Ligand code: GYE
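Single chain ahead, by itself, as structure tokens, in the form predicted alone.
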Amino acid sequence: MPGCMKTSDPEPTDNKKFVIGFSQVGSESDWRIANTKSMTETFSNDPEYEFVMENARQKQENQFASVRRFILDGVDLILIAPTVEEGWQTVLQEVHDAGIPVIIMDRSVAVWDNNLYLTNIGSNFLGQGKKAADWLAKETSDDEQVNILHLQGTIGATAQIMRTKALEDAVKEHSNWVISSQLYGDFTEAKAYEVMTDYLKENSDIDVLYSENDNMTFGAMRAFDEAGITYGKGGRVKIITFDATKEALQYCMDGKVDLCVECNPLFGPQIKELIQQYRNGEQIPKQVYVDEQVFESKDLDRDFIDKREY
């Protein structure tokens, strides 16, 4: 009987797609939208990969649920852009126990064992903040007080922690710098506009706005306009903003924003390269930074901004 039974050949394993489960923070900013686009375009058009993304809507519990679904689905690799750094030990241990590799992207996680993930790829947020502080030191005088209004992003996110640290460290080094207030803008334009509007009703002694992302900056600019406070080149308030999206660069070229510190969201291709190295059995670095720079009005022209991808 066995000799008479027809058996089918097994399907070749090299035709099997490599499945990636991606837990994205949300869609809270222009930066995040560009980051999502870079990721989806990188993997969705490649027949070798199946790319499954879930939007956490800026809630960590949604990310935990997504990651656990990815484990149950048996994906080949999990990508996580974490909402905040803390709280990841348990779920990452679950992924590790399931034998699924993890790449942390954009922000970081605070876990006691960094063997729970392959690598962390993203921006040098502390370096970004230091670049901003160095620029401000050159633009201000040592013999006058500099009142800095600090607009913070999502508390506990790596970008917020490190950009805040850079500013606070710089203030300690400059006796004439004062952080007049730290307002919570949650990386969104609407929240920043709300808190800035309330703040400006009773406070207007601002020399510098240090805003931890472009969307919050846009909300702050609208609040400044309504309060009759000028900003940018020739204005009362110098504006430092992080991300360097196309809209922010346009404002910078126009003289409405003084400094744009780049936070590059387009690292889909770089992540793909890291995954390929992992699949080839190659050693990959534990921390990978993307290339970034800073921009003033003099650094920009129409052609550069028009070619900007985000």
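No experiment lies behind these values; they were computed from the predicted model shown. So that there is no doubt, residue numbering starts at 1 and follows the sequence shown.
Quick note: we don't show the form predicted in complex with beta-D-fucofuranose, though the next part is all about it.
With the partner omitted here, the residue from Cys263, Ala34, Ala56, Leu259 that has a non-hydrogen atom within 4.5 angstroms of beta-D-fucofuranose in the predicted complex is Cys263.
beta-D-fucofuranose is not drawn, but in the predicted complex it has no heavy atom within 4.5 Å of Lys238.
Contact between Arg107 and beta-D-fucofuranose in the predicted complex is found at the 4.5 Å heavy atom cutoff. beta-D-fucofuranose is not drawn, but in the predicted complex it has no heavy atom within 4.5 Å of Ser66. In the predicted complex, Ala159 approaches beta-D-fucofuranose with a heavy atom inside 4.5 Å.
This chain is displayed without beta-D-fucofuranose, yet in the predicted complex the stretch 159-167 from 193-201, 94-102, 159-167, 175-183 comes within 4.5 Å of it by heavy atoms. Contacts between 183-214 and beta-D-fucofuranose, taken as any heavy atom within 4.5 Å in the predicted complex, involve Phe187, Glu212, Asn213.
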